[in-house]
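A lone chain, given as structure tokens: the form predicted alone.
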Amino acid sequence: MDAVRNPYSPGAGTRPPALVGRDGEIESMDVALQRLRLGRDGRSQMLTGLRGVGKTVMLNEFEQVADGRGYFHEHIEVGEDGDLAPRLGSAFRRVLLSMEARRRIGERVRRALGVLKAFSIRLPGGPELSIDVDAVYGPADSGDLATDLSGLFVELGEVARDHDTGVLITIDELHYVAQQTLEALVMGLHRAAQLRLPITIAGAGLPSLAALTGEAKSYAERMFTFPVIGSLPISEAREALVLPAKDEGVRWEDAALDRVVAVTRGYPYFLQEFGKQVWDVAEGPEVITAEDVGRSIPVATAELDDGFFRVRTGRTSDPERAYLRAMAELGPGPAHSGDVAALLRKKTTSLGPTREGLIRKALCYSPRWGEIDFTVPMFDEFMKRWIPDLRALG
């Protein structure tokens, strides 16, 4: 097959050529944004799921929806430091400058920028934002993050309302944010919602995000929905493979589709990786066969191992790798911490720091008390390929 025409696109946050199975979330976000513009309540979304299921793609789609509804929007990706407040301040600055450039709002934007400057000056250890206006003290510089974020959300929301527009901030990797900061974020947005202001956030994170948000503020469940973004059902997984090839005049044999869907278990990133590799090895020119899939499996698996799985283990210590390998020995699904400890011939309490380190690095999460699971689909199979013998770890 012609590699130049290969329609599949595995990549972090890269939109697949056929975005299937996510219409409900996109439509719900569209409805929420329209309601906010009308001064009505609109529940935004906190997307949760494992790595590689398309959460970032969905946030990007939400931005496109917002753009089509006349919203200003910015995207934030939280780092492992969990430091959200300065990133949020920078995003607000970009929104306000974009408003001024397109709407020529003038004095109202300069006041909002002054409030934002005072906020940035007051942030503990945070950099002062480069804003060529005088600081406006009072609304968002108390030093209490929840109070100050409330002031910022209200300030920006009022500017948007008064000039017939709205603001959407998308935030990825929200699971890294500390509980106190997440609480302040929810409280700030809640205040804007009480005033019916057209400003909202949409977030994404690992499966633990829903519980973290609920713990931050009980009313978060009335402000957000928490869609679980997971693997695609068989029919939609097949569609994700068929439609891009069809656009290039190529069809898949049913047996070939069945094999890829079975091997990938319908996970979107894996579908794109296998689709790409199958295309490149297929003889073609118009049909992808089961034999083509068979030849591609070792290549696609190697690509996933090197480019998707192993990169996530680069900063793990020897004890952490042993813990991961013991989890893999117990098979897919949540494992009991006690069972992992038994395999490693250690006390559960002594492995507590190792377990917490893996959670901090977002390689694992705890679905329930006493349980541990991978944040990456099919990671147990990778660990067995990478370290075939658990005993080799001592």
Ligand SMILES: Nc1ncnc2c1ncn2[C@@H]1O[C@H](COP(=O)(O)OP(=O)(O)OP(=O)(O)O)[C@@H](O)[C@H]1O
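In this text, residue numbers run from 1 along the sequence as written. The shown structure was predicted, so the numbers you read here are calculated from the model rather than taken from an experiment.
FYI, the form predicted together with the ligand isn't displayed, but the following is about it.
Worksheet item: Looking at 328 to 336, 28 to 36, 351 to 359, 44 to 52, which lies within 4.5 angstroms of the ligand in the model of the complex, counting heavy atoms?
Response: Looking at the partner contacts, the answer comes out as 44 to 52.
Worksheet item: Looking in the model of the complex, is the ligand within 4.5 Å of a heavy atom from each of His75, Ala91 and Ser142?
Response: Verified in the model of the complex; spot residues all out of contact, no.
Discussion item. Considering non-hydrogen atoms and a 4.5 Å limit, does the ligand approach Tyr269 in the model of the complex?
Written reply: Contact with the ligand, yes.
Discussion item. Would you classify Val340 as touching the ligand in the model of the complex, given a 4.5 Å non-hydrogen atom cut-off?
Written reply: Heavy-atom contact with the ligand at 4.5 Å: absent for Val340.
Worksheet item: Would Gly24 show up as a contact with the ligand in the model of the complex if we use heavy atoms at 4.5 Å?
Response: Although the ligand is absent here, Gly24 would stay clear of it in the model of the complex, with no heavy atoms inside 4.5 Å.
Fill in: Exercise: Ala240 in contact with the ligand in the model of the complex, heavy atom 4.5 Å
Yes.
Worksheet entry | Residue (of Arg191, Arg251, Arg312, Arg108) lying close to the ligand in the model of the complex, criterion heavy atoms within 4.5 Å | That would be Arg312.
Fill in: in the model of the complex: members of 11 to 46 within 4.5 Å of the ligand, any heavy atom
Residues within 4.5 Å: Gly11, Ala12, Gly13, Thr14, Arg15, Pro16, Ala18, Leu19, Val20, Arg22.
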